[in-house]
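Presented as structure tokens, the chain that follows is alone, the form predicted on its own.
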Amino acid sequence: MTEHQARPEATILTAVTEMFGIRLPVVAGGLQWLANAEYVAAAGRAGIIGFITAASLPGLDELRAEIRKCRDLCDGAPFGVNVSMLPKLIEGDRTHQVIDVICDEGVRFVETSGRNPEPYLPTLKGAGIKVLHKVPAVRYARKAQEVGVDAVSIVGAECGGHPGLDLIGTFVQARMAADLDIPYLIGGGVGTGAQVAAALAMGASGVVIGTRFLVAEEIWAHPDYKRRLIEATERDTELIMGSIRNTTRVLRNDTSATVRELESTLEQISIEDLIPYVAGKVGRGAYETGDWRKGALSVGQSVVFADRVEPLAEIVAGIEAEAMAAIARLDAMVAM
């Protein structure tokens, strides 16, 4: 079966479903250590698209192997690779090498984030790759459009991970972005089909969903971690690291409390002061052991919608049904 033959017919037709060849205008947001081949392939088979997180893999050989594994598991469904670029060029930055592997492996879609992707666009476009660039504010989306990306995803203050420094809400950004000339997706607090319909009504071509998918069966994290997410409410996340201009929304836990205390008591603070608590390996340990009290665990306010562990396909099917019902309600309101 070829990728073209495997593409499902779109339930909702937008520029995003057309670009990726997916049934629903939904991108499965990058989940750091958790966005592996199994999860990304499950997204593809469910009729949406996910991206392997390149930064979570220790080396280029491992990235190549994960891409090949994902391709086998996808059974022809589309998938991509997330390239989370470092904020600035520093020793150890391997973005060029990562992109070379992606091109060599024939990946068709790339999600970029972290800094301006312009230096890498000639290589990516030369390989026929479509580029989705993720930003935390509409003003950055306009710049991304200017440099030539194919689409942008804009995440609001409700999102897990990095909502940027402006902390503008998702609902506001969804409408602010309507004057863009390229397709855009909206993320941050999105976890239901009704929100998908709302984003489309405001002009978006799709949505990004991350936190809601953390309780999918295909996510390898420990059951105790997933159990905590199911118990969580919209009030169980908080923002940390704003003092070092790296604002991050995380699950409220012992680590977030410690970081907040350090930020409020130290006269001068740097990333070095916080690394022992927020380093990625600490968070990975939480996923492995289920001890959710430790680590800066990226979780958005849409955690309130994570109600049970089930296959990703079932979560997506529920979102699809709710989106169609919401669209039908809007149609019924139109006076003839």
Ligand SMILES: Cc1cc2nc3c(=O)[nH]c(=O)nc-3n(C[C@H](O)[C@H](O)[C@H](O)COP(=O)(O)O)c2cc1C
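Source: prediction; values computed, not measured. For every residue, the number given is its place in the sequence shown, counted from 1.
Not pictured, yet referred to below: the form predicted in complex with this ligand.
A heavy atom within 4.5 Å of this ligand in the predicted bound form is found for exactly one of 80, 117, 136, 160: 160. 31 is the sole member of 286, 67, 46, 31 with a non-hydrogen atom lying within 4.5 angstroms of this ligand in the predicted bound form. With respect to this ligand in the predicted bound form, the three residues 237, 256 and 295 uniformly fall beyond 4.5 angstroms at the level of their nearest heavy atom. With the partner left out here, this ligand still marks one of 71-79, 260-268, 206-214, 95-103 in the predicted bound form; by a 4.5 Å heavy atom cut-off that stretch is 206-214. Taking non-hydrogen atoms only, residue 53 approaches this ligand to within 4.5 angstroms in the predicted bound form. Among residues of the shown chain, residue 192 is not one whose heavy atoms approach this ligand to within 4.5 Å in the predicted bound form. For the chain shown alone, residue 84 is a contact residue for this ligand in the predicted bound form, at least one non-hydrogen atom being within 4.5 angstroms. For the chain shown alone, residue 243 is not a contact residue for this ligand in the predicted bound form, no non-hydrogen atom being within 4.5 angstroms.
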